[in-house]
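In structure tokens, one chain follows: the form predicted on its own.
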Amino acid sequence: MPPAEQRTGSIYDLGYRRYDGLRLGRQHAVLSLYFYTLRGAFGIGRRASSKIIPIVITVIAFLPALIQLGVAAIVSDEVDVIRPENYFGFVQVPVALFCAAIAPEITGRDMRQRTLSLYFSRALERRDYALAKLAAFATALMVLTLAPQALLLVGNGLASKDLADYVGDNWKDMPRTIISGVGIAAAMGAVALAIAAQTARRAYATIAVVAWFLVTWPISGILVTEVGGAGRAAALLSPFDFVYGATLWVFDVEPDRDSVQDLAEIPLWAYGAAVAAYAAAGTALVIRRFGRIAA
């Protein structure tokens, strides 16, 4: 080692200084994450293969509306092949497929890439992260539940002989459609996201979400139709059953004869309460999950 008097050193002024510009803050961070997640749900901004599944599922959700509008155009008369309350029966399967395909990607990507610590080190809080993801996913599902209904409403109105009369006869269906569409998106989306958030492995998360839809459906039907008695409460177990029952309640329509809702003999308002309970429980579980996850 050279003597102390021969040692030399250099100090460089690298010009580090505090950032004095505009700080957009927590609200902007939440909105940015919301829009980023919403775009990602449909594969926007990602490779082409990421767009195939969400686009195909969205097209399937629009098919009944497009078919009805095509029939109306051919017969040149007002037709009512699919009522608004019945349309949600057609769209439930695409919604379930969307949940199984997209929910694991929304929650698992950040866990797999270990970017949660970057999110939580900024103005964004853990609760903000969870709520932004939930809101974005619910909005994506509303594209499937509300957009086809809007297309159907506008198309039937333009095809009618008198647009004013059509609006006057059907205006009550508009708020009911919105309430039902938001309820379906909130309940199914919150629970699917809560299930998918439990693991970073996409395959496991997809299987778990699919199981919630497919396993509870036959169990609910068997308990209601074959067991009866206390088993009729199982109508509130399957998302396909309680969501459709809530839709009937919102539209003030009696269930079809021998349907699960008819055989269960449960007041239709109970299905609406179940939708709210599932949405609240799913939201709480997502917040709890990201509040405790290691980042």
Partner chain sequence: MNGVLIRLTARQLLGQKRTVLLLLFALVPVLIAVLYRVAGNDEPQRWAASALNARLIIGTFLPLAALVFGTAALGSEFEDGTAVYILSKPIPRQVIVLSKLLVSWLATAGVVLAATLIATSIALWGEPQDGILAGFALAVVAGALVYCALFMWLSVLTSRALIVGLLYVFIWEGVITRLFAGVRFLSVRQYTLGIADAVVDVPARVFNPRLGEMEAMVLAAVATVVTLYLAVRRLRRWEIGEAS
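Positions refer to the first chain, counted from 1. These figures come from a predicted structure and were not determined experimentally.
Although it is not shown, the form predicted together with its partner chain is what the next lines describe.
The candidate spot formed by 142, 266 and 280 lies out of contact with its partner chain in the predicted complex, as no residue has a heavy atom within 4.5 Å of it. Proximity to its partner chain in the predicted complex, taken as heavy atoms within 4.5 Å, picks out 216-224 from the listed stretches 171-179, 216-224, 185-193, 144-152. Its partner chain in the predicted complex is not approached by residue 83, whose heavy atoms all lie more than 4.5 angstroms from it. Contact annotation for residue 167: none of its heavy atoms lies within 4.5 Å of its partner chain in the predicted complex.
Of the heavy atoms in residue 128, none are within 4.5 Å of its partner chain in the predicted complex. Residue contact with its partner chain in the predicted complex: residue 71 places no heavy atom within 4.5 Å of it. Contacts of stretch 26-55 with its partner chain in the predicted complex, defined by any heavy atom lying within 4.5 Å, are made by 53 alone.
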